[in-house]
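Consider the single chain below, provided in structure tokens and representing the form predicted on its own.
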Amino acid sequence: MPIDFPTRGRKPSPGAGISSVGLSARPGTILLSALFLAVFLLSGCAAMNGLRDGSAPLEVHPETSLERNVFPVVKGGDVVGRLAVVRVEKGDTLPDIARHFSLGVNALGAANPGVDMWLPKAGECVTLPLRFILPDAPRKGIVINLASMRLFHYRGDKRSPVVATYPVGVGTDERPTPTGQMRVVRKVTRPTWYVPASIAEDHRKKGDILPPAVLPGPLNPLGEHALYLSRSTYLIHGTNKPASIGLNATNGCLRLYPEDVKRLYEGTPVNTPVCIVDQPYLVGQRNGIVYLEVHASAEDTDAGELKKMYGKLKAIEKKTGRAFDREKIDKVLAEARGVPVPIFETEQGRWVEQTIEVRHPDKLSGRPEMPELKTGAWYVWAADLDDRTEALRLAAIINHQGPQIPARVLSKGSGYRVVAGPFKDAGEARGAAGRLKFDLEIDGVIIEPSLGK
């Protein structure tokens, strides 16, 4: 017997009075808060559009053959990894693809302008920006580039150095991650989060009262592993919000996917140096080819860093005796996709670094599982929408909250209802409704088991 979710009591009033982006503001639609958009919808995606630097892939490679994290560091080289593409399958979201391939959400979106973050089309090609220019910093210990939202961990000896690299979530404009030299002073598995007064006050203003300390578990934002830095109150840690990796979404700490922080934790001893830089313009060379990687839009131009970039390019021009193509450089600066683009070929270089296509994995690791509907369970009615696409997008956004709030779309008359659940009891349902209110400004209505039979 299908579960019927009745129309009873007040209708959900999500985000009343909030300006919408991408969702219309008429009756029966939902408005997303500016806060949530800043944290989760910094996207845009479109397949390739000039990022390939070779001919079209001739064969599809197993996705396991594509290295995501660990690369050899060649003497005199600044570029590691390679670009790849994967075809979207029904039900994929870009956050799911990003996590499977150890990419940040924003990095994947910037490399693919035009592809829907939450509802990409099946069969669409998505570029995997797995080529990186190493930051201009000493290659020792951990180096983090805030502009690229990427961590680089240098390991190995002088004869065979390697770098492990992972995407990170970084601080917001209001609470930025500091730059400078630090070190790891201690490591903790299953850390307790002692809530800073400033964060507790932010939550209190929204009606969410946090305890003084949050014990290990699914509600702990530090995840399962934490590396404490010598600069007090700053950490490198895991997360219970994986869809925020690669965004300006933290209170200043550095946040990694759970599987990535585990590897970093296990391979990083206490006293490892940590250097945090903010380099939006990166110049690198490999195999006689010069690459430019840009992470700053025209509106966010950093004059000092831009001057450094042009200084490096002029030094290469002087050394090689050949001039760069200024139009090509201007194009890379204007697009700012965060992907190393070949801009110059020396006499020793050849354009041979072909983009490959990888087979879609059988299952995207970390993709939220959707539990079946159950009679006798608790639910939260999140919204009624006229448009099915908007309803599916909202359900996907809710489903990627951390910890997960399972959500789906049900037909309701001529419209569509977004319902979260099932939840085992009233406490779980109230907790989910509270998080929907705090994170998304959605005034959900709790549906009791007796109403869902």
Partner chain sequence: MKRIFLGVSLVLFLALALGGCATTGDLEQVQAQGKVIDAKADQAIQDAQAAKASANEAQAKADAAAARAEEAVKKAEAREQVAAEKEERAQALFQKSMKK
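Residue numbers count along the first chain shown, from 1. Please read these numbers as outputs of a predicted model, since none were measured by experiment.
Below, we turn to the form predicted together with its partner chain, even though it does not appear here.
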{"property": "Distance check, R99 to its partner chain in the predicted bound form, heavy atom within 4.5 Å", "result": "no"}
{"property": "Distance check, A432 to its partner chain in the predicted bound form, heavy atom within 4.5 Å", "result": "no"}
{"property": "4.5 angstroms heavy atom contact with its partner chain in the predicted bound form for K314", "result": "no"}
{"property": "Interface membership of A243, its partner chain in the predicted bound form, 4.5 Å heavy atom rule", "result": "yes"}
{"property": "All of M117, W193 and E390 with a heavy atom within 4.5 Å of its partner chain in the predicted bound form", "result": "yes"}
{"property": "Interface segment, criterion being heavy atoms within 4.5 Å of its partner chain in the predicted bound form, picked from 267-275, 218-226, 281-289, 161-169", "result": "218-226"}
{"property": "One residue of R139, K363, R322, K206 in contact with its partner chain, assessed in the predicted bound form (non-hydrogen atom, 4.5 angstroms)", "result": "K206"}
{"property": "Listed residue that, although its partner chain is not shown, lies within 4.5 Å of it in the predicted bound form (heavy atoms), from L108, L247, V339, A382", "result": "L247"}
